[in-house]
Structure formats: C-alpha cells, structure tokens
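The chain that follows stands alone, in the form predicted alone, written as structure tokens.
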C-alpha cells in the first residue's frame, strides 16, 4: 500500500514539474531570439583568482535564473567571461576585444583595482557601461560617466575597520601587515582616517603581492607590541605567518581577504580574524536568504561578498536593459543604471559621488571561528 510519505513526495515532484512547465514557454521563446551579449573581465587566475572565481559563480547563477524566467524583453542574456590573469594590460586587451569584436552592451569587472582602471579608460572612451567589482580606485574615475562600482571605496572600508577596532576592541595602538597592491590602497585610506579615531600605527610592514613568506615583516609587527593588527592582502600567506610568528592580538582584515579560497589557504590559522563585510553565508540577513539558498543548491557551497557582487551586477544590468531596451545604446543603459538598487550585497545609489552609494551602516561584521564565519552583533550607524 502506498505510504503517506510516498504520496507527499509524489505531490512535491508534481509541483516542481508544474513550475518547470510553466517556465518553458518563456524560456523557449527567449532561446529563439538573438542573445544580448554582456562582457565580463575577471581575475580567474593569478593573485586575484580568489575573487574572480567567486564572482564568476555569482554571474553564471544570475545569468541562468534570468534566462529561465524569459530573459530581458524575451531575449536571453549571454555573459562572455574572459580571464585577465590578474594583470591590467591583459584586462584592457580583453575588454577591447569584447567591446570592438563581440559588440557587448556592457562590461562587468574587473576584479582588481589596477585592472579596473585600465578597463575603465576604454569603457569611458567608448561610452560602454561598466559595473566594476571593486571600489572607487584612481581619482580620474570620478570624471567617468558610465563606470559604477559594486563594492565600496577604500575610505569606507577603512572606516568600517576603524569602527570595530576602536569601539569593540577598544584598541588604539595598531600594527599593519599589508601587500603592495590592494593592501596599500586600504592602508592609504586608513592613514587618512586614523586621526579621527585616535589610532596610532605603531608598525607598518609591506610585502609584495603574491609573496610566499612574510615572516620577517610579521615579526617586526609583533615586536612593536600593538593592541590589534590589521592584515590586508588578497593572499592567505600573511595570515598564516602572523600566527606562526605568535601574533596573538586580535586581527582585523578588509573585505578583500574574506573569500573562502583565501580562508581555505589559511588552514589551521583561519581563526579569530574579523572582517567588515556584507554577506555571511552561514548567517545571512533576511534579504540575502533567497540568494544564499539558490547558491547552495547550485554549487553545494556558501556564497560570500564576491559571489553576491557578481549576482548583483548581472541583475542591475538586466534591470537597466528592461528599462532602456535591449537594443539601447551605452548612454541610455548607463542612465538606467544610475537609479537606486537594493541588491544582495548592499543598497546602491550609482548616482552618488563615489559611484556606489553604499553606506557605512550596510556593513556586517564576521569572525572566523575554526575556518567558518560567524556573524557578530556589532553594527555601525
């Protein structure tokens, strides 16, 4: 005799099938039309791969969902993803190919600040909208009319770090271990904001991007006896070396180090590190739950900030294309992007002076506990 459990399972499968059949007409219609091509230039290899690979996952998931729902105005979107190897010159060349040969309507990326600057010079000259997966970089970007950022400027990242350090840790003497790329940018912002928080940097040690051993620099930071340590890099090495050199003080990092690829590289030392960020997959905010569940179902993994930024970028472009029209020119698409947008990562206002509009209150704080992120109760206003 058929059990009630079997009957329930059958009903669930039937419901899923009905939802699938309901989507088929829109999906089939979209597939018969010319796709709208969007370009993406990401760091899939090289030092920035921990960011770019995560961004790619979010982009592809968004592309699939939008197309399953019928695309944009009945046309599918097609994201053409290129690897820049974490190098600005390659990023520029890949963007030029996407714009001039593939005729994409917009560019998503790059993943790294230097590459974003190189690509932005091209997109700005050609009037092609660009949704950069970085914060505001070179000041010249402020003159661009079609470049927008999915992550906040480094000044805001610096403020988020300083807020936690002074208000939660009650620390005033800080040591810094940073790389010569992303870490230098965040350090510059920290130094510009530190006086307002009463922070004294008792040791500042720099290492090259991609360095495989920074033990000497970590030892110098430890010798300065700081109350807290900032480790800022897109590389797990300095986090390992800091603990190996017996830095026992609390470590606070920036969002650029918060991907699971970097955390996995920290190994046994992925513990007691605090990140001001936006998405904690283990404990998402209410408006992030649907995205987190979709991502877990697709990849059997938890998403973080860069997966969410890739997802948001595609949806922002899809919304702009819905409004401007799939055959609209770059200026019309760029104008449509400028409207406020509540994304998974944060609430954006691309008309803001920093071309992002993210507020300090959008940050959440997490702490690594044995390689897993735990969302902290600390908030900013």
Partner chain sequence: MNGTLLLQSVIVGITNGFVYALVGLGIAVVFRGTRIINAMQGEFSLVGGLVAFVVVESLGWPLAVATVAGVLAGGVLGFAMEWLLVRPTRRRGAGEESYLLLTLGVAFAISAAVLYFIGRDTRSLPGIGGEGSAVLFDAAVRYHAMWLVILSSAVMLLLRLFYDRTRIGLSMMAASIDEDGAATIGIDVPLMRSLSFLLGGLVGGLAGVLVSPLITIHYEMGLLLTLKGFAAAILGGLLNPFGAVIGGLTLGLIESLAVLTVSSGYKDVIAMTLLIVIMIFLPNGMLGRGSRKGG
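Numbering follows the first chain given and starts at 1. Values in this document were obtained by computation on a predicted structure and should not be read as measured data. Throughout, rigid core stands for the largest set of C-alpha atoms superposing within 1.5 Å between the two forms.
Not pictured, yet referred to below: the form predicted together with the partner chain.
- If you check the partner chain in the model of the complex, you find no heavy atom from any of 171, 195 and 226 within 4.5 Å.
- The shortest heavy atom separation between residue 49 and the partner chain in the model of the complex is within 4.5 Å.
- The partner chain in the model of the complex is not approached by residue 252, whose heavy atoms all lie more than 4.5 angstroms from it.
- The partner chain is not shown here, and in the model of the complex it never comes within 4.5 Å of any heavy atom of residue 124.
- Contact check for residue 149: no non-hydrogen atom falls within 4.5 Å of the partner chain in the model of the complex.
- From the list 292-300, 92-100, 209-217, 130-138, the contact stretch for the partner chain in the model of the complex under a 4.5 Å heavy atom rule is 209-217.
- For the options 76, 181, 236, 153, the residue carrying a heavy atom within 4.5 angstroms of the partner chain in the model of the complex is 236.
- For the stretch 264-290, the set of residues having any non-hydrogen atom within 4.5 angstroms of the partner chain in the model of the complex comprises 264, 265, 267, 268, 269, in sequence order.
- Fitting the two forms on the rigid core leaves the C-alpha of residue 78 displaced by under 2 angstroms between this form and the one not shown.
- When the rigid core is held fixed, the Cα atom of residue 116 travels less than 2 angstroms between this form and the one not shown.
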